[in-house]
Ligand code: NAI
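Starting off, we have a lone chain in the form predicted on its own, written out as structure tokens.
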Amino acid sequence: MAVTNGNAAVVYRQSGGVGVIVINNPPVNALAKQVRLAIADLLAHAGKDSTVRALVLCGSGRNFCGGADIREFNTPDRQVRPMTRHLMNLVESCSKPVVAAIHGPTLGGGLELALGCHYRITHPDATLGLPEVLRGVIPGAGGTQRLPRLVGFRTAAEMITLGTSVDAATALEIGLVDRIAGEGDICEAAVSYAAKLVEQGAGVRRISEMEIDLDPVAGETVVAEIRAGLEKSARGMQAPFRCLESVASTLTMSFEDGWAREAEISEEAVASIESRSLVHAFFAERQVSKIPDIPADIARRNIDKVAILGAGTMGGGIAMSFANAGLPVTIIENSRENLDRGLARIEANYDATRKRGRLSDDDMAARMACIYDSTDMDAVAEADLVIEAVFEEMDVKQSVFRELDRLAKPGAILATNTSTLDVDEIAAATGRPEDVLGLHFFSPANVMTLLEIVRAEKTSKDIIATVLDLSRKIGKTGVVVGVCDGFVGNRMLAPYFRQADFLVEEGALPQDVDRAIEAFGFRMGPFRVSDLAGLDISWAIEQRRAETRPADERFSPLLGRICERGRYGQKTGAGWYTYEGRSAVPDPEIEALVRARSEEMGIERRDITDEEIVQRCVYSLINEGAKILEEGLAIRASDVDVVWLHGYGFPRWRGGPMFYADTVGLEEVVATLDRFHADWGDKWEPAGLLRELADAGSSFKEWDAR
């Protein structure tokens, strides 16, 4: 290899008449400053070298190029010329054919770099897309201008506004790439392809010079269709509409003018709170697995076999999560009837997915083959991990764990799926509390991505590390939390729901509260969520908690009064709403109950603004989250955000409750809480940590970085 550039991040060699530029910047070959500068130098060198008749641009390691270096965001290095968007034009302006050799994940700026090349050849393993919208920004390096010219306006607009990716076969079908190579070295395949192009006299082929496939009138019709879809799917967000605007400019503008407009829109997006929030979420999800007192290289336990106690909805969903990852799992029930009912539910769930075309017959069969069943508790003996998913009563769970202590093999991890009970008490029922922890899956467990990993007082460090790795394997985002009633998510949920109840007693109706919360960005408001989860479940938990909680921490009696009418939510066709299919319809019977409750309390009902609804519900989350951080029950404020993003539908584009508080300003949050405290009493007293940070002009983000 003849290296003509000494920069280790980019190397160069020549193979016959083809110059090969190799990006060598692990782990993802990001376009850091030194990479951009080196590529620019090598393009200039090859342009002057008469022995070079074509160029190949490829990446070493696992992919072609990962796009812009996220570590350079908000640093001077990001502005060093050529900036990423200028580099793509520099590649395209080369007078000799440039072939992109694509392999692995080629997303964002990586694909934009490939679009700057004149030809594209891909390995079968490649994934291609422009997912910038998922970070609150737009493809700002020419992607919104080049992709529509290459693959067609509608296809490009849908890919960019939704952030979807395609595999190699689809990329070839839509014209995104020119050919798919074999399974061998993609760089060598690209060199052969480039040499053939030279032989054929193919010359350069610049996407910027291609015509768009729609006239402005037809294009505007497509824009209107896509915009209408986004108004439903991207409610409250700005980035998808910014993407659409930039793509739409290709209908009426030249490439140069559209490229300039793309830059303007990109700058607006990068500066937005939405982008900051989505970038925060991105990093928070990567930070959450880092546990300060657990070494990264600590030995893990092997998890080859799993046992689940309980074949109910939760137990079956947990079993599916492991089967989906190819791990053998045994479901244990105390009767054949219960076991068969649970297995039938699992098969029906898989079959529904298969009928929607999201699971092949073979995949369904393979997953079902991973699931074993037994009515004998002794079946836990070979399991490396046992998860209890039985009735939510302490006596029942302690009895189960005494049996597990007797039957499970030494070193087996014993986990409870409790959502509210004291894991330390459960662990104390065994002679090996160091092997016990909570694994709080969220329903439906085969769909929801959050897994609260509850670290009890004596839980071994290696178990936490093992389960964090396992959570990724089964497609979950594991968050380590401490022991308290409700852990992190459900503990915060209680005051959130309590405020929703109070708002209804004071003058709002359930549909008013849900409308305001959904406009804020939640997928569902608190009353629709309650109906979906089942009011009977909430009622049972509230009845248990009422024995130990003071009156001002209990839910409104409206919950019980609704359940006493047999209205348990969506599953019975009526709860806070009545249901036409899955559509929630406001019910006069509920309004009458609500008004009667207000009269009973001597409350004169009043008009309540959407702003007050949002502040009282969301600020109650923030305040409780701050208390959790004070008590050391979550490691970072960003961990609390991850819990709410993955488990409770908090709008991702707001970053999570704690980051949202930062964007509002903690001084403003505390001032509002103080006002609520003056009006409604002690439960609105700002948490000590929250007031401390506000007084210091600080933020939860800064607290995390301490």
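A residue's number is simply how far along the shown sequence it sits, counting from 1. These figures come from a predicted structure and were not determined experimentally.
Below, we turn to the form predicted in complex with the ligand, even though it does not appear here.
Think of it this way: in the model of the complex, the ligand has a heavy atom of just one of I121, L385, V288, A389 within 4.5 Å, and the residue is A389. Proximity to the ligand in the model of the complex, taken as a non-hydrogen atom within 4.5 angstroms, holds for one residue of R616, R242, R146, H440, which is H440. Comparing 573-581, 86-94, 418-426, 249-257 against the ligand in the model of the complex, the single stretch with non-hydrogen atoms within 4.5 angstroms of it is 418-426. The shortest heavy atom separation between K397 and the ligand in the model of the complex is within 4.5 Å. Proximity of A189 to the ligand in the model of the complex falls outside the 4.5 Å heavy atom cutoff. Remark: M314 counts among the residues lining the ligand in the model of the complex, judged by a heavy atom distance of 4.5 Å or less. Taking non-hydrogen atoms only, G310 approaches the ligand to within 4.5 angstroms in the model of the complex.
Along 329-353, a non-hydrogen atom within 4.5 Å of the ligand in the model of the complex is carried by I332, E333, N334, N338, in order along the sequence.
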